[in-house]
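Next up: a single chain in structure tokens, the form predicted on its own.
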């Protein structure tokens, strides 16, 4: 897919589809009025007939009948100007791409909304991400041949109206190209994460997850990879991680991807992802309906692995490590049991009172590995960890926990810029009493109330004094209610924020 910068008037755009946005009432929009005038009032009449008033999610398609060089017009509602953020920008661009897709359009001019010079780069990036995300489709197992082709060429006009605009300077053109490249890197990484999440668990095994990381390292010289098998993990004393995976015939893998900048790194940052490629719940067996989508339980690992792809393409002044603890949680004669006492990599003993609270066990050892072997300045973990977080925040918002104020504030600021919904939950020390055990140092779950927080407190045990942020993405890791830029299934959530945090200047 190619993105080009066009500065001619929208009225002069010879293309299959000319798409533009409007903030609320289209009759007040300069581009709408100019195009409507050229069409003899037909566009306004169509908007009235279709009750199109520029609300978010609305779109209007109009055939020009040769009155303009563009064959068709698509008007996309954005709602009130002051409320437009990255998700809405992505959705608008995704809608334009989908309209083009349905109509077989190849040459598409998309007039990006003018939110001011200060937000132009953000608008360009979100638009590119929206086009890529909106045309994503996981169709590997579909046997029908009716899939529409994605537009091969998308032309961008930077808010042109009937008067046209000045030709951009060489510096402006370079800045545009760099921003487009950034958007492509992020959008492609998000789709890579979606592919891994959407794959059936029989295909996306722990070993296949390792292959995904190895393929990235082979493609990008900036990356290197180390994969630890079960024997190596046993030598490190990773008793919790190995216990979770021991019920499966699929051997666990601990994946360690590394990015090093060409210059001296500003800091060393570690990204840790939960990689349970299928979670039956173990002997605390999930009901069938709850187990059906448990191939997504490796979404945290998918996010950190895919993020490294974008970081390699964009570049970062940080040394970045991605660690993914990948295994299956199944039932067999070898599976770990309720009442077992496991010894973690750092020596902490844990009594098991719920085998379906396995993610914190795999992450606990992964955090210990990261803290001792990598010794990062900052650690972030990403996991589809608790249903309790979904109860608290709903299906679209991730819960964030940390006891390091500057780090969590910087992380949430990056999430806000990237347009991914995250909300901070408190790490309440008083709830730690719920994790007390009579026979071990701690048990792996507490009581029903405050379940997301006690999971965070469990992980804090292994993070110790290293600055650390926990992101529980159980809700937004996958969606059943799609939006234009986010189809049903795995979302690739957290990739955009990770890349923003580590590459923004």
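Residue numbers count along the first chain shown, from 1. In this text the structure is predicted, and so the values were computed from the model without any measurement.
Omitted from view is the form predicted in complex with a small molecule, to which the following refers.
Asker: With the small molecule left out here, work out from 72-80, 174-182, 381-389, 428-436 which stretch has heavy atoms within 4.5 Å of it in the predicted bound form.
Answerer: Checking each option against the 4.5 Å cut-off leaves 381-389.
Asker: Report whether all of 371, 374 and 461 sit within 4.5 Å of the small molecule in the predicted bound form, measuring from non-hydrogen atoms.
Answerer: Not one of the three qualifies.
Asker: Wondering, does residue 354 line up within 4.5 Å of the small molecule in the predicted bound form on heavy atoms?
Answerer: Contact check for residue 354: yes, within 4.5 Å of the small molecule in the predicted bound form.
Asker: With a cut-off of 4.5 Å between heavy atoms, is residue 194 one of the residues that contacts the small molecule in the predicted bound form?
Answerer: Judged by the heavy-atom cut-off of 4.5 Å, residue 194 is well away from the small molecule in the predicted bound form.
Asker: Do residue 445 and the small molecule share at least one heavy atom pair within 4.5 Å in the predicted bound form?
Answerer: Flag for residue 445 set to yes.
Asker: Indicate whether the small molecule has at least one heavy atom within 4.5 Å of a heavy atom of residue 296 in the predicted bound form.
Answerer: Looking in the predicted bound form, residue contacts with the small molecule include residue 296, since a heavy atom lies within 4.5 Å.
Asker: Tell me, out of 129, 358, 365, 328, which residue has a non-hydrogen atom within 4.5 angstroms of the small molecule in the predicted bound form.
Answerer: Residue within 4.5 Å of the partner: 358.
Asker: Within 4.5 Å, heavy atoms only, which of 404, 424, 286, 417 is in contact with the small molecule in the predicted bound form?
Answerer: Residue within 4.5 Å of the partner: 286.
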